[in-house]
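The chain below stands alone and is given as structure tokens, in the form predicted alone.
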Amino acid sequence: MLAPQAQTRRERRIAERQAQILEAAAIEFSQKGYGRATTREIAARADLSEGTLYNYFNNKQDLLSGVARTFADDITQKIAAIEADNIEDMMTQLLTDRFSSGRERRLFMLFLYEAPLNPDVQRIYVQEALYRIIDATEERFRQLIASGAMRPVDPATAAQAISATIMGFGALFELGRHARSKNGKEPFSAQTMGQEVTDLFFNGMRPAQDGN
């Protein structure tokens, strides 16, 4: 009876250490880029030796894969956890959450910049993160369509459109375009932006018709 418990504790310690290392790797990659970041610097940020790091990850590419998977895990879990009675509320929550995550935006910019330069980075990002996130969004739309809460559009196209919008705004945010709100004075509000983009998706930009 004691052996399984000991193994469980060991697995928990390993998972905690891996998460600690991946957190350090995400910071180093985001700040320095994949090419310039080193495993020695990642280990130092994680407060362990480089040799210890290699007990958990084989190399820097293995670390990048772990960062990409964690990146996708966080987003797909949030997508699945959204509770809303209608598609507008669901969209607002989804966009607000994605717009508010500075960490996510920085990692996205890392992958966006590094992918054209490094085929391994591109493969890892596309397979471990991008496709998973789009698939999770598509699955959520399929559920909404099946329940009657969403018009029966092509869920794959809808998922790609939303993902492209989020990624586009993410790039703008990181480049400083939306550091403040539209009046240039008040701090940027992810919730306000989520509501406004949702309104654009559902109501477009045509003027309201008389009597509507």
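Numbering starts at 1 and runs along the sequence shown. In this text, all values refer to a predicted model and were calculated from it rather than measured experimentally.
Below: the form predicted together with the DNA, not depicted.
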{"property": "Site test, Arg103, Ala164 and Phe173 vs the DNA in the model of the complex, non-hydrogen atom cutoff 4.5 Å", "result": "no"}
{"property": "The single option of Gln31, Gln143, Thr157, Ser49 touching the DNA in the model of the complex, heavy atom within 4.5 Å", "result": "Ser49"}
{"property": "Partner-proximal stretch of 165-173, 148-156, 39-47, 66-74 relative to the DNA in the model of the complex, 4.5 angstroms, heavy atom", "result": "39-47"}
{"property": "Exercise: Arg13 in contact with the DNA in the model of the complex, heavy atom 4.5 Å", "result": "yes"}
{"property": "Contacts with the DNA in the model of the complex - residues in 52-66 whose heavy atoms fall within 4.5 Å", "result": "Thr52, Tyr54, Asn55, Tyr56, Asn59, Lys60"}
